[in-house]
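Starting off, we have a lone chain in the form predicted alone, written out as structure tokens.
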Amino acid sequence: MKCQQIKLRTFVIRKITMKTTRNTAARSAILDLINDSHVALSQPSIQHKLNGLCDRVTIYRVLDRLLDDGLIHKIVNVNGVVNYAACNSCNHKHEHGHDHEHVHFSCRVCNELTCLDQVTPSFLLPEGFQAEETFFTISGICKNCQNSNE
């Protein structure tokens, strides 16, 4: 009986260790990419920048884990594509509620999606409605594209 308990404990410890250390190279690379980017990145752009380090499924798993850990947030652009950005304005890691909401700007020229942390949206829902997640995206021409056309 004692031998079985030791084997079970060893199995559980190995599983926990594998779970927490799995994909560390991919996790580090993806988090670095997102943290170093001044715009939100889509999964295909992340995969392209990783240059074969990991496959699509691994990228999505890592992104889900980073979302759960509160290190990144997701943004849906005007075309319905999900993008990911660093949580620069968060004071907390795990609860992305109304304190975290900010506006995102989608440039129709360069297609970049930028977090505008300094702009705080507000809205008032009718009675009986409760917001759980919001996406504020403004479409237009970013300052870089405007400056390049002058």
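Take the two forms, superpose them, and find the largest set of C-alpha atoms that agree within 1.5 Å; that set is the rigid core. Values in this document were obtained by computation on a predicted structure and should not be read as measured data. Residue numbers here begin at 1 and follow the sequence given.
The same protein has a further form, the form predicted together with another copy of the chain, not shown here; the description that follows concerns it.
Using a 4.5 Å cutoff between non-hydrogen atoms, residue 121 counts as a contact of another copy of the chain in the predicted bound form. Residue contact check for residue 137: one or more of its heavy atoms lie within 4.5 Å of another copy of the chain in the predicted bound form. Contact annotation: residue 108 falls within 4.5 Å of another copy of the chain in the predicted bound form, judged by heavy atom distances. In the predicted bound form, another copy of the chain sits within 4.5 Å of a heavy atom of residue 125.
Just one listed stretch, out of 51-59, 65-73, 78-86, 29-37, contacts another copy of the chain in the predicted bound form at the 4.5 Å heavy atom level, and that stretch is 78-86.
Contacts to another copy of the chain in the predicted bound form (heavy atom within 4.5 Å) from stretch 30-68: none.
Superposition of the core reveals a Cα shift of 2 Å or more for residue 121 between the shown form and the other one.
Comparing the forms between the shown form and the other one on their rigid core, the Cα displacement of residue 138 stays under 2 Å.
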